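First, one chain by itself: the form predicted on its own, in structure tokens.
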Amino acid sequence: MSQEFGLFIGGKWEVPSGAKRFATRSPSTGEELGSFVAATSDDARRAIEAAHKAFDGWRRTPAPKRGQILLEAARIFKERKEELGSFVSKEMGKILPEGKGDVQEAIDFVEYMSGEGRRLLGETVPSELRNKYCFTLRQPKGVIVAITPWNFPVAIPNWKIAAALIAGNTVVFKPATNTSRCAVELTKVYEAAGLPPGVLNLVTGSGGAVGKELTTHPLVRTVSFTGGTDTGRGVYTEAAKALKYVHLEMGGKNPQIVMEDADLELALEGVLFGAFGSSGQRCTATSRLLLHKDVYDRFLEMLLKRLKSFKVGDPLKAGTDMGPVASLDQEKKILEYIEIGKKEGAKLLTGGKKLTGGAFDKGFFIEPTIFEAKHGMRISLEEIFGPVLSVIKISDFEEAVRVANGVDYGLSSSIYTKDVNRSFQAMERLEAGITYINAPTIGAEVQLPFGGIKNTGNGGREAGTVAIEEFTEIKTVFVDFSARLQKAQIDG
């Protein structure tokens, strides 16, 4: 029997009376990894109330002191990197180097946010009147709800939690159900770092059971969500009815453009990592390869040749290039899209099947799949979130831009070219929150803003210098030391 875990509310691990439980399992082996409480709306309410109770003490804690706690959390994450990385690989399915990379991204970001405790910058500007100062300062909002996905079960929660905490907010953390063990271990790190009771609370279980409470409770000030577009719309509309601020990070249909002058070997490494890293289960994954007609046949030949030695298997084993997809639901959805591609007339070049036999029968393994497709097919427009790549032939840069922009999403984009002028045109014209030049569509760094446009989100950004914006209110302050009534905008 696997280890049992509770909820973390008000600084205590607890199992409510009569609580129902669920288990998470390895998508590679089927091994049970833990048993968790299926929280109810009452549990969610108690977590919100605990966060609200802790808010005043936490907001009054000097920001540099909050930063010291975050720095200690980063140290513990670093100390536990190997262990936590293996939890990521076991529970989510990405290969071990990527699992440890998930944890490293959390370390980098928490360290970065700890330094914001000595900044939290405002503005000082001149007044139009004499003997008057004008400035702004940032203040925490209150209780923040962080709803996070399974594909980066350590990094993405920390993007939200660390930024919210350094700004002086308290947090209710609702992770994806199938990566609950990673969420428990993450919460334990903050507990060990000395976070006061109630500042971070963990509620595990189904979003259907707790979602309404988390998005509409009067004490919740902001909901920060990363996940699927349909779920994000539901979170947004529900929370908006209660006038909550909602930050959404959702889907992508990211193009890698390879022009006729590209370094093809470099572009090949980029598309292999971008399309099949994490089994294509990244919101920034390369799902479209736009190949210039002059290099189309040659590049496809290179790509298919490399895939012959591309190893799918145990994510914990050295030498594995790609692990399983994350769940039975994921497997079903991806295989359905592969059938859609076939029915649309896309030419299947390689892959397209569930891997079976031996150890494969215990998990959710799908072959790396490549279609020759045309722009406008569903597999070229809709997010699949799996190891499925649509290859589209383009005749010139103008067509590349038109096809790249011709989807409902706008998260990441990439172009491989040696033409500096074309590179800068791509930076300006590609409709995406992120553009890479001579690099794949994945590889964000924590000191830079992350997010997209169109159906990818609703305008905000995470990470980087803007990380705390969704978690703070700006207060404008006027200090008049003239000792008389001064009237701005009034003549005389």
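On a predicted model such as this, the values are computed, not experimentally measured, just so you know. Heads up: residue numbers just count along the shown sequence, starting at 1.
The same protein also exists as the form predicted in complex with a small molecule; that form is not shown, yet it is the one meant from here on.
Annotated contact segment (heavy atom within 4.5 Å of the small molecule in the predicted complex): 155 to 163, selected among 334 to 342, 155 to 163, 124 to 132, 257 to 265. Put simply, Y436 is close to the small molecule in the predicted complex: some heavy atom of it is within 4.5 Å.
When contacts are judged by a 4.5 Å heavy atom cut-off, E105 counts as touching the small molecule in the predicted complex. Interface membership of C283, defined by any non-hydrogen atom within 4.5 Å of the small molecule in the predicted complex, is confirmed. For G443, a non-hydrogen atom is located within 4.5 Å of the small molecule in the predicted complex, even though that partner is not displayed. N151 is the sole member of Q330, N151, N178, S380 with a non-hydrogen atom within 4.5 Å of the small molecule in the predicted complex.
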